[in-house]
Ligand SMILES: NC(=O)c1ccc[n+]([C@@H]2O[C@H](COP(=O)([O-])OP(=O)(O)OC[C@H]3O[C@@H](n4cnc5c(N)ncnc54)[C@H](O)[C@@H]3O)[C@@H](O)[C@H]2O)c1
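Single chain ahead, by itself, as structure tokens, in the form predicted on its own.
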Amino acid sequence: MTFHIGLIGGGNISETHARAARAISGVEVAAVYGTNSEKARKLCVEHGGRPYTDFAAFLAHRPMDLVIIGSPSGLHATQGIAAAKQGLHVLTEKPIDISTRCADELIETAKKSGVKLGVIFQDRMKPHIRQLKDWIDRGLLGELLLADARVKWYRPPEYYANSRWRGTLALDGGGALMNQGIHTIDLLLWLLGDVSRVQARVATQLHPIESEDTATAILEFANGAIGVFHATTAAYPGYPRRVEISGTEGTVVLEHDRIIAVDLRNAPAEGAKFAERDENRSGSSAVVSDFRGHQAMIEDFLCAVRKDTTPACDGHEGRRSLALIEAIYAAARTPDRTAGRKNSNFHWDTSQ
């Protein structure tokens, strides 16, 4: 069976989607939609398919079995709903959208239309992260106590200045938290479970954008663990993401998606081979050079379509990180009634 894929968006991430899709046997790029006709045409020249600047005409293209959405975040639900109504399966880049209200509409439309819906959180497919998930599930870290996650990246001024949507509330939905930090928020939820309470602070400290370029949150997990989370695009020159998880039986450290430390009372036999430092410290680039994680997400989604099963990250799973980010933003808007200042010391109950 050959899957015919339509790409929505003509930017860097759609290029990643195209390369990942073409690396899969039995997959063809059928069409590309983009508002920039030259970018859409260029993608088709390099990866195949027919370029479109008319969205309705793109959705009517056949053969086409599914779409992969790589447009600005605020368009994900609208475009995904339109595709689902045409009987096309929908795989969208993170976030599923910029509001849970829109995400819920997309989830419901996909269900009513009988199509699959998936969200690309490629970190879930990376070998070291999957190994950590396995150790946690097997109880090798014991009772989870503390998580420390840091996304201290840097984006130059032109990253925002040369984009019509990055850093805007209407199309990006936020800044360092919604765009860059959401991968790590998803990772924390996947590894540690739901969050029951949030304290937060967000600020725009460096870049002249509508949204935040720095965010800090204290997360209280339903299982009793406590997490500290930082995300920024203002930490020059940018550093690899780092996640440290401690339990009653020890600690495991991830850096740049690799396990660099395994300090467990009962270390698994395979632990030593994973505890290797990654010498590539360019963890701040906006360009995805390694598309293997995206390829694995697409392969999983196609398998779900073929076998009529649930994708590894379906709409409901993809919604979880968005809901937590909404809670963080809400907490950051709550005044500090003790100090009499806004954005100083606040909390948000995620059950609200």
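Just count from 1 along the sequence shown to find any residue number. On a predicted model such as this, the values are computed, not experimentally measured, just so you know.
Keep in mind that the form predicted in complex with the ligand is missing from the display, and what follows is about it.
- Across the options 318-326, 65-73, 23-31, 304-312, residues that bring heavy atoms within 4.5 Å of the ligand in the predicted complex belong to 65-73.
- The closest heavy atom approach of residue 8 to the ligand in the predicted complex falls within 4.5 Å.
- Although the partner is absent from this view, residue 175 stays clear of the ligand in the predicted complex, with no non-hydrogen atom inside 4.5 angstroms.
- Residue 165 belongs to the set of residues with a heavy atom inside 4.5 Å of the ligand in the predicted complex.
- In the predicted complex, the ligand sits within 4.5 Å of a heavy atom of residue 288.
- Interface residue among 152, 258, 201, 183 relative to the ligand in the predicted complex, by the heavy atom within 4.5 Å criterion: 183.
- If you take 21-43 and check each residue for a heavy atom within 4.5 Å of the ligand in the predicted complex, you get 33, 34, 35, 36, 39, in sequence order.
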